[in-house]
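Next comes just one chain, in structure tokens: the form predicted alone.
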Amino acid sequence: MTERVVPPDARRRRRPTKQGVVLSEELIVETALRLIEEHGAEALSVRRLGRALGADPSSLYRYFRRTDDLMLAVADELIGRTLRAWRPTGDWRADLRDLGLSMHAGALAHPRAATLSAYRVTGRVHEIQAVETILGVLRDGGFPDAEAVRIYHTFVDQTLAFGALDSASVALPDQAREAEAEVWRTTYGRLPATTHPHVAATAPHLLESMRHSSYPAALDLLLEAAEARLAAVRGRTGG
């Protein structure tokens, strides 16, 4: 896609496409997300999207001026899917843990899209809602504003980074994933204590741990640190 400005009142297609569907931003984003998971980044082309939608590729400019705008919309939709399924309880630590795990699971459900979008700032409705929501959880939990922002930043970056890392692993061909898992067993699991005493001593735990993502453990460590900081703040202020 290239730069092209279409007046807002001309963006919605009023006639069905060749396949009998009426175009909308939501339908284009959903189709783009599906194509990304099937074909990778190259799926974000006007020609491929138009073919999948049964529409003239030029009609997509009614909704997105360029490919990057569509990628931002896809990234924002991933955020929206997590938020729509998440229900806060009022317990800041439990709520952040549940939200983080939900974000991570959402990334793994769409690994190629998550890998492409984890580092993007969309400035769109769902991202704005997420920023407001997470800051609200922290401020309502008693964190001063500066601490709330610090923990928000760390929480989001940690979650997105693990989402991208683990998504990249999930997106590997099965044979490559199995080969990497085998390295832990056949290489690290057999290192002798005479040359690698620490690996040898911890090998059973290492082999078990490396089979899974470390995100839940990292998230718990972050939340424990945040809780300790909140206790310290309350101790200083007498709250």
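Numbers follow the displayed sequence, beginning with 1. By rigid core we mean the largest C-alpha set that fits within 1.5 Å across both forms. Treat the numbers as computed from the prediction; the structure is a model and nothing was measured.
Just so you know, the form predicted in complex with a further copy of the same chain exists too; it's not on screen, but the next bit is about it.
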| property | result |
| --- | --- |
| Contact residue in the model of the complex, from A52, L27, V46, L206 (heavy atom within 4.5 Å of a further copy of the same chain) | L206 |
| Touches a further copy of the same chain in the model of the complex: D145 (any heavy atom, 4.5 Å) | yes |
| a further copy of the same chain contact in the model of the complex: Y61, any heavy atom under 4.5 Å | no |
| Contact flag, R190 vs a further copy of the same chain in the model of the complex, heavy atom cut 4.5 Å | no |
| Touches a further copy of the same chain in the model of the complex: Q158 (any heavy atom, 4.5 Å) | yes |
| D91, R97 and A105 each touching a further copy of the same chain in the model of the complex (heavy atom, 4.5 Å) | no |
| Residues in 121-138 with any heavy atom within 4.5 Å of a further copy of the same chain in the model of the complex | V121, G123, E127, I128, V131, E132, L135, G136 |
| Flag for D68, CA shift 2 Å or larger between this form and the one not shown after aligning core | yes |
